[in-house]
Structure formats: structure tokens, C-alpha cells
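Just one chain follows, in the form predicted on its own, and it is written as C-alpha cells.
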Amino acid sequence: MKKLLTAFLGASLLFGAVAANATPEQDRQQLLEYYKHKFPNLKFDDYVHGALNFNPDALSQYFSIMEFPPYDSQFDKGRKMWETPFKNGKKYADCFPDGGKNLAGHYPYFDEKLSKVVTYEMAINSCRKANGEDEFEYKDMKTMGLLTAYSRSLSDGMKMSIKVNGPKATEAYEKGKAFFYQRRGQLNFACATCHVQQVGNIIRTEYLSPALGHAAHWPEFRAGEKVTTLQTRYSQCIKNVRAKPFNQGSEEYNDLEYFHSYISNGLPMQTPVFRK
């Protein structure tokens, strides 16, 4: 009966979620219930570790690696950027409440005045522009990637707290949700194909991670010192299913990140992290 329920719920999430007239919180609770039935031994906070939960040896190695992270030198470059004054003498910390501490878990949010989703990277660029600096390219990992890796660490341990209030915000959320469940590319995969329906299975020698918890631990440092942001990962995944990726910072990715982040509400941020 339990297996039947899990299979039924997984199918309904994958194929019926876009059409369902559910609130964002109902979506989140439905996913939580699905994962709870599929992985009864996992605790809620465990989901910040992603696919590592399915390989005890890999999880143990991760904890050991994080005692002396191999990305420290790159992380320090991000710290230096954050602390270096702009030409006008101000710093990034001056743009954000409490110097940017315990803040990143509120991003993305829907800005009513701009009538669009605002990501953390967009806030960084708004800060730069307000202080007479050129904006960074969202795909530039040597600038935007390293800077966000450090600045988001100021919110390490903060619980994700994304808000969806009002019809316009809900519309953006629904667009992101539709993107998540829409099949695309030559492989005809959706984000949900791997991260809901097939989560926990192995593909290309790697376990497929649950969508719950994804947004709580980015940016990641991969293979040592190579930083990767969440939207960079979106592009990589879309390429893997043989579809054309969108530009980072596009409305499509921003709305996807809005939905993707909301479903991780309540999880503690753990950023940055190491992944092989």
C-alpha cells in the first residue's frame, strides 16, 4: 500500500502539478509528504545534503572535507571583493540590512514595484549600480560566483523564508512551477523527472537528488575550487537533456528559482558547500 501511494503521488506530482489549483504552501506540503513516504528515515534538515543522503560513505567524506574545505583560497577572493570599498568609499554591506547577515534566505522575492522576481544576484548588481560600478555578468563565476559564495555564507544557518504574496507574485511562482514540471529537450525530461519521480536512483554513477533542499546550499564548489551557482546549474541540466538553456538572470530562470526556493522553506541554509 505504501509503495502504491508513493508511486501514485509521484505520478500526480510529475504530471498533474502544473494543472492543479493548489496554493504554494499546498505544493510544498505535497512535496514534503511525497519525500517523507519515499525516504521515511530522512529527517527534514537532512535534505540540505542532497544526494549525499543516499550514500553514507560519501556523506561521511563530505563532513571530513568540510573541516578543511579545498575551496578556501577561492572563498577568500569572494570575501576580499565583499570587503573592498567601491570607488565612492562604500561597501556591499552598506546596501543591505545588518551588513547582509541573515538575509539571503529571503531571496528570491517578488518586487511589486518592479513587477518581477528579484534574485540575490540581482540585488548584488543593484548595489553595484547604485554605487557607480559596472554590473557583473550573472554567468561570470570569477566575479558574481565568488562574491555570492562568500556573501551568502553570511546567512549560513538561516532558515529559508521565501514569501509568495499577492496575485502577481503567485503568477511568477506558477510560471516557475510550470517550468519545473515541463518536459523539454531531446531526452524529454523535466526538472521533476530526475528530482521528484526518479530521485534516489542512479544516473551516470550519481544519485539523483531531491528538489527539496536544492536552493538551500548554493553556490557550490565543485571539483575543488570551481564555483557553480544555482542558475549555472540550471543551464547545465538543460544542456544535459539536450535543450537550449536560457540566459542566467532571465525571467524564466528567475521564476524557476522562485518556485524552487519556496519549496525549501524552513530548511537551514548551508552555503557554500563542496560537491565532487
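Quick caveat, the model's predicted, so the values are computed rather than measured. All residue numbers refer to positions in the sequence shown, first residue = 1.
The same protein also has a form predicted in complex with a small molecule, omitted here; what follows describes it.
S.K.: Want to guess which of 124-132, 154-162, 194-202, 101-109 is within 4.5 Å of the small molecule in the predicted bound form, heavy atoms only?
M.R.: Selected range: 194-202.
S.K.: Glu171: heavy atom within 4.5 Å of the small molecule in the predicted bound form?
M.R.: Because no heavy atom of Glu171 falls inside 4.5 Å of the small molecule in the predicted bound form, the answer is no.
S.K.: Is Tyr34 one of the residues lying within 4.5 Å of the small molecule in the predicted bound form, judged by heavy atom distances?
M.R.: The answer is no: Tyr34 has no heavy atom within 4.5 Å of the small molecule.
S.K.: Does the small molecule get within 4.5 angstroms of any non-hydrogen atom of Glu220 in the predicted bound form?
M.R.: Answer yes; at least one heavy atom of Glu220 falls within 4.5 Å of the small molecule in the predicted bound form.
S.K.: Is there a heavy atom of Lys38 no more than 4.5 Å from a heavy atom of the small molecule in the predicted bound form?
M.R.: Lys38: no, not in contact with the small molecule in the predicted bound form.
S.K.: Heavy atom within 4.5 Å of the small molecule in the predicted bound form: which of Tyr92, Tyr120, Phe179, Tyr138 fits that? Just give me the one.
M.R.: Of Tyr92, Tyr120, Phe179, Tyr138, the residue with a heavy atom within 4.5 Å of the small molecule in the predicted bound form is Phe179.
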